[in-house]
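Two versions of one and the same chain are coming, encoded as structure tokens; call them structure 1 and structure 2.
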Structure 1
């Protein structure tokens, strides 16, 4: 609390929500995909396919609107809690681009901002690449504010509690209350090599392989709480979607569709798909799960329901506020509580040395113990 009895956000004078970005209209789709895949060696056929996913939804990704809704909810939550902190929005791959937002923040006199990324887990794609984006943007904008990326939140109760309720709601939608339903937790596949190097060897960092270890912690905790609530032990699995890259490069498996085939063979009749790797219903969720995996389930005669993502659940929104206040207190030299549930402790405020290296070679990155 500050002298007026309100939560103390110093040393911060802004919050930046940093996300992936997505196309807003059909003409944006190809330039967006070019932004995403610049220098990444994604085969042309894969890009054409992913372009079709966007065109199926009118050439517009839901992700930017979802982030604007999250920001509106945060502004309201801050106001309700007497917190006077402007919230800015910047993306890696589409308008509003991070560097433009940083220029706007600089012009508005922002000196130091907390940064919330819309990605809960550690890997190059979901963690360090955002830190590289921050370094690039700061290099482009003279006088840019100091930026503190908030810790990974895959094990924060504000992220997992909405997931538990979402699973319970989905079970209730299945005939018979889903009493024999399998819980199929789904996240974004990444190259196995990117998983192996996710996290760091620095004892103060996230233990390797952070990406899968963090997911297992989150998944087991949600399944445990569902069991507590229903009194039934639902079997559960962690599987993957949205594989990309060259077919010769190994990525995390099994793919959700292959897994459903296997479940059907084993006689599983009901499934709840839980998009535990994603914070909102963006393209991976509405295409890869709701369209493709749902069609697979229906072809196999499996009754399937997809659980909701955190979105603008008030606990998730409150989590962002709590993370800002926690980090602000830590930067003031206090020792705030660091809520964490599951098998892993709260992650560090700064990524460990060598955390989640870029597979194409080292680049400058902010917000690490070594930056």
Structure 2
């Protein structure tokens, strides 16, 4: 608490919510995909084909609106707890672009900001690439504030408790209360080499391979709590969606649709699909799961329900506030409590040396022990 008896967020004078970005209308789709795939030489014609997923939903990704809803919930939560901290929004691949947001923050006099990314796990694409984005934006904006990225939160109770309740609600939707349902936890696939190098060999960092290890810790913890709540041990799996890139490049498997085929062969009649890799209903959730995987399950005769993401669950919103206060206290030289559940301890505030290297070669990145 500060001298006024309110939560102390010093040395921070702002919070930046950093996310992936997405198109807001049909004309945005191909330019957005060009941003995402910059440097890969993919023809516009191919990008237009890939963009069909977005056109099925009016050419608009849900992610920006979801982030705006999260920011509104954070602003209310901060106000309710006596925290005077403006919240800014910046994206990697679409408006509002990160550099533009940093320029706005600089003009407003922000000197030091905490950064919350909408990705809970460690890998190059889900963690270090955001740190590279921060370094690029700071280099572009004269006088940009000091930025401290908050720790990964895949095992924070504010992220996993909503997942537990979402699974329980989904089981209740199935006939018979889902007594024999299989829990199919889904996350974004990445190249196997990226998984192998996720994390760090630095003892102070996240042990390799961090991406799959962190997911398995989260999955096992949710399944354990569901078992405690129901008295039933549901078999569970970790599977993947949204594979892209060259067919010759190995990616994490199995794909959720392939896995459903295998479950049907084994006689599984009910599944709950749990988007454990996503904090809200991204395109990967509403297309890959709600559209494609649900169609696969229907064709196979499997009764399927998709569990909710954390979204703006009040526990998830409170988690962000707690992470800001935790990091603020650490930066003041204090030793705050660092909540974590499951088999892994709370992650470090700064990534370890060599953490989640860029597969194309070293690039500047903020918020690491080697920054």
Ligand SMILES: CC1=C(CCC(=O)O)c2cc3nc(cc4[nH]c(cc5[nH]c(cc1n2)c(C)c5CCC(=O)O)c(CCC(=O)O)c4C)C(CCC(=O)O)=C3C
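Given the structure is predicted, the values throughout are model-derived calculations rather than measurements. Numbering follows the first chain given and starts at 1. Shifts are known only where both forms have a C-alpha. Note that the rigid core is defined as the largest set of C-alphas that superpose within 1.5 Å between two forms.
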Which of the two shown corresponds to the form predicted in complex with the named molecule?
1
With a 2 Å cutoff on C-alpha displacement after fitting the rigid core, which stretches of 3 or more consecutive residues move between structure 1 and structure 2?
40 to 50
